[in-house]
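Consider the single chain below, provided in structure tokens and representing the form predicted alone.
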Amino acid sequence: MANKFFLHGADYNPEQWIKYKDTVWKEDMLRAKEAGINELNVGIFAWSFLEPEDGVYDFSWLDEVMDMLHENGMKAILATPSGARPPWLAEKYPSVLRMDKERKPHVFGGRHNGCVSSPDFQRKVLEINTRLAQRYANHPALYMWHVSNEYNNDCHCPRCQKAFQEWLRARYGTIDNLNDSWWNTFWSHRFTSFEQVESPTTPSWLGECESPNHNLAWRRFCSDNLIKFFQMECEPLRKYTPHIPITTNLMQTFPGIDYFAQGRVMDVSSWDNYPQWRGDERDVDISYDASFKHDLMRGVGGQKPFLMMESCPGAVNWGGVNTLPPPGTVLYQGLQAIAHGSDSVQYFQFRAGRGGSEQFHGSVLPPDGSADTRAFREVTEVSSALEKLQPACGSVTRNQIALVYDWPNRWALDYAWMAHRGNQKYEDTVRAHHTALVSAGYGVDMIDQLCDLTPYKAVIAPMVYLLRDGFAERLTRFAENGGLVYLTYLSGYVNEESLRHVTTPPLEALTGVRTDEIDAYDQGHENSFLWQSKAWPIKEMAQLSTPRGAQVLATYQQQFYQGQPVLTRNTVGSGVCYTLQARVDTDCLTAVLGDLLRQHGVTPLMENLPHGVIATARYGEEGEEFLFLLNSNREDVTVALNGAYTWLGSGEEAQGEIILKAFTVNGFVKK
């Protein structure tokens, strides 16, 4: 979906103010237009107002809100309300409540406490979604569907156990195949029927929790079960409003759902972005982290323009220390999303509530509706900036480098009994590689192991411990056809079921090295290697390997494996595979990856970027190239452009050395 305009909006909860609607709702519309807001998300937590009793519906107030939005020139992203259930639903249909890992049933409360396997819950969700779709199918304000809210967590009730068993039967076919796939001869755990298999438990003495294969299967099932529920929610929306796109708001690296799988059944990816800005030098690392998550959420949506569905126009209220971001942060945060491929800047929330756990969460308006606030002025400033960047709306990324982040691989590492058990730092490692790549001036596309590799010149795949079926072969073909593959320690250890290999490991021919052992470091271990005449420290992990045709580029300097390879290069067809055998810091990754990529002819968007500066690019349908330079430093920096550009908005020429103001996002179009 290519937008013709940037969405600028917020979560709006008019039902919280229904007793004051004659004054508050009108004031909200006035304030929204003053701030340059053109869209509001409505109905997200409105179930108790839409259906106050079982089977008793009242859409009259939502009719008023939808009409009001249209009359004021705004669009509605209309939500389905399954993200928070009304008390009567739990009272009348106890099956909708979840059960935890200790097999204790939940009581009503909080938000996501619903069991998605409950037939009662499924039926009631379908009923209300159908009524919403039928009622608003042709409403001129309806722009997009927002299905539920931040799907999360799992349930261990008898219905979910049965659904898990059915999922296992579909995946494995026979119980013997399951036993073999999970290595259940270990500890005499061979099952004789699928009905004997239950979900992993906590604490350990309660039941099964230690089998990595069993845990991995449960995590896959929970993800699939939530995605199946999402697709069920979408059925009436697609039936009655096939012309309206569908999204749901994701939570960056949330471990409970394979977001790439979720993205493949959504029309647009969207996510909730809450970096904890500190107003000092720490914001550089926070900005790098947010950039990684923006790129990941764009990747989940197939590299199409995504939506930043939520961000905070002030301080959040749920952190241990809720620091107030300094002036300019709301603008930087919003335009950072645009630079990474978003077609929206949206906030939680529009008008703060008087009570509830989010009463002091940052908002566009305080409860009294005053516009004489810093948050309101800064939101208005974002509107002005988006107008200047309007030519870039709907444009896409075309990066040369793919960085792999794979949810099943993450799960397998989480359950791996080895190295730093329970703390393998997969997410941290992929993020460090992302920071290194953008620090070296490259744009990055995030992919999983199932994505197409052919658009890229280089595939960077750290810690691909679990190899999904066919991935090793596709990596090899990519290299044979001239691509650069980069792998690290802890790669290719297990197959799709998290079983170790009994034949030659699938990556050995690609890497040209045989993996022998892995050494986990504690605080007392030290090691290093030389690269470009500099000694780089090694931390936390060091893999020992034997060359099997690969060229050794660098070796360990200490420990009993001094002289063994740290970095290797293997020629594969007309391409190459590099393998880094040890964990290093981000500065080292920046130097090493930059050298390897340039040697392979992969050119960065910008050379010699100062620390804290990121370059991104978006491309229009008619060949336009939009360059964004993000300076996350709290002081001005100088950069040298590698061509002739004009500033987006002003049209002023920009070439050679230019100054980037402190903590700013700067947009250009190539001349």
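What you see is a predicted model, and the numbers here were worked out from it, not measured in a lab. One rule holds for the numbers: they count along the sequence shown, beginning at 1.
Below, we turn to the form predicted together with a small molecule, even though it does not appear here.
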Any idea which of 279-287, 93-101, 143-151, 156-164 reaches within 4.5 Å of the small molecule in the model of the complex, heavy atoms considered? 143-151
Heavy atom within 4.5 Å of the small molecule in the model of the complex: which of 424, 249, 409, 336? 249
Single option in 560, 417, 318, 187 placed near the small molecule in the model of the complex, where near means a heavy atom within 4.5 Å: 318
Is there a heavy atom of residue 536 no more than 4.5 Å from a heavy atom of the small molecule in the model of the complex? no
Contact with the small molecule in the model of the complex for residue 111, defined as at least one heavy atom pair within 4.5 Å: yes or no? yes
If we define contact as a non-hydrogen atom of the residue within 4.5 angstroms of the partner, is residue 521 a contact of the small molecule in the model of the complex? no
Is residue 361 one of the residues lying within 4.5 Å of the small molecule in the model of the complex, judged by heavy atom distances? yes
